[in-house]
Every structure is written in C-alpha cells, then in structure tokens.
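Encoded as structure tokens, the following chain is the form predicted alone, with no partner shown.
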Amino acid sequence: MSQSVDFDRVLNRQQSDSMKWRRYQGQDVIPMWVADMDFAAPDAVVEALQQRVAEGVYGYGVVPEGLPEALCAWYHRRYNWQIDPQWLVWLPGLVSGLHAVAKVFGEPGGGVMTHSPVYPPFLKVAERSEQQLIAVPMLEESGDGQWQLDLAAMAQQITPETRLFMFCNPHNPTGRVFRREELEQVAAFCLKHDLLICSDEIHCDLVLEPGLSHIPMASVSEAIAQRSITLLAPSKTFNIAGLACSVAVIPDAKLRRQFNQQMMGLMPHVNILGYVAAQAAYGSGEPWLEGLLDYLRENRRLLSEWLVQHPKLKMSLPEATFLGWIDFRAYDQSYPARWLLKEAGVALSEGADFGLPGFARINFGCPKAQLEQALARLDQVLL
C-alpha cells in the first residue's frame, strides 16, 4: 500500500548546500542533471536523524545493531536474495567502491572492461588505477527496443590482461533492467574469461516498468556469486546520497579479506548519520518508496508523451531509475546539454561524459510542475 506523500510539494533548494542547485545559483536555470531527486526523504528517516542529532555527540561510530539485518531482510523480501551479514563491507560511497575494487583487484597495465554509455566514474577507474579501459559500446535499441549488451564485441575486445568487468544494472543512463537470460550470459562470459565482476545495483529499487523486477547479479548462480562484488546503497532509493552510506556485498571470504586489508586506512569511515538514515529507510521506508514509484511512473509517462511531439528526438523508455537518456543527434549537436543550457536555461547531463556525444540525460525525479516547466523551456528551442 502506498504511503500518502505530497510529492508535488516544491522544495526551495536554491539557497541550500545542494550541489544540484548551487551550480547555477543566481542564474535562471532549472537543474535536471545530477541523479539527486527533489523530494524530501521519508518521514521515518528524517525523524531518526533528528533523534540522533539531538544526542549532541558525534564521535567515531560503528555499524548500528540491526542495520545489517534490516538490509539483508530488504533484499531477501524484494529480490529473494539471501545475503549473509558477514558479506557486508560498509563504504562511504558507491563511487569510492568502484575505485577501490579497481585498485584492489586490478593490476597496473591490466584491463578493466565495461559497457558504454555508462555512469561516468566507470570510465575513469581504469585510468586512475593505471589500467587499460575497454569500453564496449552497447547495441542501440536492439531487439525489444531497448539497449543491449554486445556480448560478441566483448568477446572480441577482451585481452588476456583483463581482470575486471564493471557492470551497471539497472543501467545508468539508459534505464535498462537486464533480464535473467542476459545476466546468465554475462555470468558465463565472466566465468569463461576468469573475470571478477563488480555490479553497481544502486538503482535496483527503482524499477518502473510493470512486470519487471530487478535480479541481483550475485543471485544468478553460486559460481558467479563467488567472483562478484555488488555495490548497493539506500541513497538513490530514498534520496539520501549526501549522507554517504553504501555497502559492498562480497560473498567470497578471500576476496572480502583482501578488500578490507588493502583498503584499511585509505577508505574513510561511513558517516554516522548515514548509518542512521539507512537503518530507518530499510526498516520503515517501503510505503514511501511505493508512493515514489507511482509518482515516477507518472513523470515518465509525461516525458514520454512530450517526446512524441518531438519526432527528431529518440529515447528508449527507461525501465528503471528516474533518468531519461535522450538522443539529440538529429539536431547536429555533439554537446546538446551545453547547447540547451545556453538556449533554454535547462541543465541536463552531457552524453559525452557517459561515453556517447550527441545524447543528454534528464532527471525526472522532481515535482511534476518542475518537469513541466523544464519541458516547456526545451520546447522553445526544439520545436
């Protein structure tokens, strides 16, 4: 049952510490870029934070009693994935986790394979760990009208030095939810080539397409679980990214020990308020999430109907996330986000940062009125 929440309420974030809004402070710009929703977090999260802040002491913290169990219960209930609390390694952010995995399990001069387009940090971890990036382009709108992994190209481009496959599911920026058959193919590929798979599943709770559900990569088989590191966080689900609390699920004890040992002293502790928020979210946030999903589906419908009026634009309907991946190439703009920021005063995320110029990503995780205003501004340029 959906919790009654006023997602239409417009919050004034222009004078806050919000990265999303501060970038264009004092300018007539509607920020629709970074994956940060313009909704208040669940009341249970706010109340838990207020109670913790009222204690007045903010020293070094530890993982709260009950948080691992709450997280494991969440993923078992929603995805039938049985996580052992001992598998959890808490991190101060998912991006930190991506870089840590590359540093610990990659080798200088080795290869890191991923797909493109993809969340920009995926394209940076190899360079920052002195490894070679192998970014294999996805197949555009193949088969069922959705973006697909190109397994044949992956097989052609892999090198003997490749050690890691960095996977994003649900996929950012396209919003694709990969099916079991595809996951089994990825698992077989990684097993065949002796690859460790790092799976970013931070958007797993935000599946919008009826009839679809997220399948954790590590749940596909015991064999792939033992060579998997799954990165999770409550941040996108409950809009609490600024509290910096994420977790790596590492079923294999040897990999987990290696990760912990090599990251000791290099990785900061999780924010103590992040722990509090995570526990409240996983314990009491599900009704709020159901309301959010209903609202995002309506915003997705609004965006899709708007696109019908713009035949030069293309977008595969995002099956998950609150992000739309729009093809602007018919306008002959390699950097459409830069162009639309200047001409329309709407800030989108530049496709080139995801590895695919000519596209831009729009964030529809906002009140309907804000989305409508942004689309109306884009109309002035695109119609």
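Just so it is clear, the structure is predicted and the values come from calculations on it, not from any experiment. Start at 1 and count along the sequence shown; that's the residue number.
Not on display, but discussed next: the form predicted together with a small molecule.
Judged against the small molecule in the predicted complex with a 4.5 angstroms heavy atom cut-off, the residues Val29, Leu340 and Ala376 are out of contact without exception. This chain is displayed without the small molecule, yet in the predicted complex the stretch 87-95 from 70-78, 87-95, 295-303, 257-265 comes within 4.5 Å of it by heavy atoms.
In the predicted complex, no heavy atom of Phe178 sits within 4.5 Å of the small molecule. Interface membership of Gln279, defined by any non-hydrogen atom within 4.5 Å of the small molecule in the predicted complex, is ruled out. Under a 4.5 angstroms non-hydrogen atom cutoff, the small molecule in the predicted complex lacks Phe238 among its neighbouring residues.
Contact between Tyr119 and the small molecule in the predicted complex is found at the 4.5 Å heavy atom cutoff. When the small molecule is considered in the predicted complex, only one residue from Val249, Ala100, Ile202, Leu149 comes within 4.5 Å through any heavy atom, namely Ile202. This chain is displayed alone, yet in the predicted complex one of Cys168, Ala218, Ile197, Val186 has a heavy atom within 4.5 Å of the small molecule; that residue is Cys168.
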